[in-house]
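Given next, in structure tokens, is a single chain: the form predicted on its own.
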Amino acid sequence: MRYWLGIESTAHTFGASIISEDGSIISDERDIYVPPEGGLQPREVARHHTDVAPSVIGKAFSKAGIKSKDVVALGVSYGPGLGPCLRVGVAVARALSSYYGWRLYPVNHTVGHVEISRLLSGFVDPLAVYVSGGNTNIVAWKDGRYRIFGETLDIAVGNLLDSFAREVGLKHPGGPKIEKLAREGAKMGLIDLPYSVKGQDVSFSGLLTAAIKTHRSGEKLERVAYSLQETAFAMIAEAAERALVHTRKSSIISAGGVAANSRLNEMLKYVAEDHGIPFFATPIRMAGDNGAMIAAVAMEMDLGGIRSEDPQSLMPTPKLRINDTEVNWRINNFRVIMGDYK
């Protein structure tokens, strides 16, 4: 049995995961940095990653019950992300590749999110709604790479939720807390907030400003949270439906950290049902940043005959976009199995 290691370190999470050649995730370890207050400070997060990297990788091997000689290759997220955080993961991967002789594959973090969701779903060629702290993209595979058929024109939806949470005194991460508040706010009715869809693109900055002002004017936090979430997710659902009609894909998946939100998935499921196609919501554990998605892509690249990277030449690329990367190695008759990690 052959195994692939994946290392993730783009933002708050340092993760390491091992996948076997039958698609089973046999270990998935991670250590998440939580700031004492405010948002993420890249240098502080990078210091955290440096401190925990040895133990996280060690736990991944211990849980998997394998030795270094059993690993044939590793992948590492090299962008997009926070520069200092990316440098930690890339440095660790370069060192491991050089020492153990493992083939090294640089993995586009955004491709990793979409691919793990696709491989878990079993869908061959879905439309993907990728939503996270730093990205909001509606993408589909075409001619050897993921093409963007809709995106945010300013801040990402995860950034929207976290920024609003900070302004109203909620600790990081804000998304889950806003989702909980929104369930209570649903009983109070919807507040009219700016709704900005421009073709297949969306814009959230005006919505953020209006939501903060509405709360400061004395409106209950639960009601504002509900209205903010409903408005933002409705915008994404509308843009996704337009992209679906344009691309004529036969399935939809949600991917990325915000894909853990049940209300967003409910809206996307409605879109899919209206068009008579299936929808797959990424399980919460795999929606957030994780090493399994990096290992899965590294395995696909390795088995797909992609040439590995010289460890000394690999550099982090903080501004990388999903459509910057060729994806001509997708394995369509393969699925990833979560096993104990559901």
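Throughout, we count residues from 1 along the sequence that is shown. In this text, all values refer to a predicted model and were calculated from it rather than measured experimentally.
What comes next is about the form predicted together with a small molecule, which is not displayed.
Comparing 256 to 264, 67 to 75, 238 to 246, 209 to 217 against the small molecule in the predicted complex, the single stretch with non-hydrogen atoms within 4.5 angstroms of it is 256 to 264.
When the small molecule is considered in the predicted complex, E179 lines it closely, a heavy atom lying within 4.5 Å. When contacts are judged by a 4.5 Å heavy atom cut-off, E29 does not count as touching the small molecule in the predicted complex. In the predicted complex, at least one heavy atom of L161 sits within 4.5 Å of a heavy atom of the small molecule. Residue contact with the small molecule in the predicted complex: D289 places a heavy atom within 4.5 Å of it. Checked against the small molecule in the predicted complex, the residues G185, G79, G150, P173 give one hit for a heavy atom within 4.5 Å, which is P173. G133 is the sole member of G133, P126, G112, G89 with a non-hydrogen atom lying within 4.5 angstroms of the small molecule in the predicted complex.
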